[in-house]
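Have a look below at one chain only, the form predicted alone, in structure tokens format.
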């Protein structure tokens, strides 16, 4: 065990940060214990070290601390948490401490919350289809086991409702490994946290899930640790217990705001919109902890949720997230205003790994061409609607009006579904064919003739 070193040379306090002078042998990321004269213990982490000084972020905040009378102990080890299968069915705070009234979990060992570097050669390519029960995802933006697929939302839109529905309904059709959900919330209000707990508890999913909550009234610094604590448990369950783990992280925008606040407190030179220049690498250190490893049965799939300020998809947080992850599920304000749930945009949404997890033997042979045709046809609907807004619907051709009928049916029957409605992939594809059958057969140019003959439903118009 590394030797602990105690100092009383506290020289300054700034927000959640304390500055300790004259330090030696201190490592970046080391855990620090701060004790005042009343013996109150607070925990911090070293975030900056130079030849003579260390900067420590205090998880519980610095309220009530003074420069004099503090004893600062550098433990010489990183933040570690106990991990065990018994943590399933439990609710913890952002640092992994129980808040459900039950005792602390007793485990045989602890794990570094920063994770371990993974050799890219050791990664297994993601392939297995995960059924979420939501047609807009399963049919057109499929989630694959081991993938990281974020949800881009906006203020007031039902991303929490969608996240809870995915947590309740998600399952793997072609794998035998035990399935579990880990949910981590950062900077959320108590009523949102209560909603997630109640939703998982009432559905029975909580018994094989773990929840980590860093509420809005918790110190903002805690938000930086919460996703790492949740992913540490996920790594144990996936690679030691052989389970498949779905990790839902909300709201990554709150996480990035906390990172910006910390960067400002340290006096760092800001980059785009005040965020630190290392925002990309910091987000990557979280997102890249998803995947599958060769020789291990378990896997980690991530669905981070982030709210886009002013619905701006070019904002640094969604912009950088899109570069790191394998696609995105985008919620659309126009669909939301129409009362359509879930308001998942048909065109900006994308799953880059979808092609490798669907098809014969995984979902159904016609899945990929049906999805491609739905995308292409809905894109044409958007263009025709734009044209109609200029020249009027009465000036449109008969085929254009058929496409408008398809667009309305697609939004009302394929995209719209109840937040308790769990559709199988077969149901999703059948609804997709029912929508495509609104169009003449000649317009289904992305689908093989034999599939059209088998699934197309003649409606007496251009059939």
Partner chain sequence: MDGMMTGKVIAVNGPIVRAVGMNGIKMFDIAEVGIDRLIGEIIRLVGDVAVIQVYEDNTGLKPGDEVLSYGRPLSVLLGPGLIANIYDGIQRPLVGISEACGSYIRKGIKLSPLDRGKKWEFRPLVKEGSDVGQGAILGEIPESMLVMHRVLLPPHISGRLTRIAPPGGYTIEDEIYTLETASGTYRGKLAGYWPVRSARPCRVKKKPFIPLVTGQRVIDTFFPIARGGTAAIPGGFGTGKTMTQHALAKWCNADIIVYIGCGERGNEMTDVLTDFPKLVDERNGRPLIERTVMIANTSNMPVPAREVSIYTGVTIAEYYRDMGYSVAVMADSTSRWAEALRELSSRLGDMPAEEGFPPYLATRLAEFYERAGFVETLSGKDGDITIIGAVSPPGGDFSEPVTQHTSRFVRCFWALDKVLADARHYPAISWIDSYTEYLHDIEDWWKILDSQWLPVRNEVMGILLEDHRLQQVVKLVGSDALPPSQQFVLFVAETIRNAFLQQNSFDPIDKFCSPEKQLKLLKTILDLYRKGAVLLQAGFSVKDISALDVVSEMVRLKSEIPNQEARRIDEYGIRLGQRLDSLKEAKG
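This one's a predicted model, so the numbers in the text were calculated from it and none came from an experiment. Positions refer to the first chain, counted from 1.
Keep in mind that the form predicted in complex with its partner chain is missing from the display, and what follows is about it.
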* Tell me, yes or no, whether residue 141 is in contact with its partner chain in the predicted bound form, where a contact means a heavy atom of each within 4.5 Å. => yes
* To do: With heavy atoms only and a cut-off of 4.5 Å, decide whether residue 288 touches its partner chain in the predicted bound form.
  => yes
* Hey, in the predicted bound form, does residue 448 get a heavy atom within 4.5 angstroms of its partner chain? -> yes
* Would residue 49 sit within 4.5 Å of its partner chain in the predicted bound form, counting heavy atoms only? -> yes
* Candidate stretches 100-108, 87-95, 181-189, 341-349, one within 4.5 Å of its partner chain in the predicted bound form by heavy atom -> 341-349
* **Residue (of 32, 26, 431, 402) lying close to its partner chain in the predicted bound form, criterion heavy atoms within 4.5 Å** => 26
* Asked: From the list 220, 75, 160, 328, which entry has a heavy atom within 4.5 Å of its partner chain in the predicted bound form?
  -> 328
* To do: Assess the spot marked by 170, 197 and 414: is its partner chain within 4.5 Å of a heavy atom from every one of these residues in the predicted bound form?
  => no
* Structure fact -> Those residues of 300-326 with a non-hydrogen atom no more than 4.5 Å from its partner chain in the predicted bound form are 313, 314, 318, 319, 322, 323, 324, 325, 326
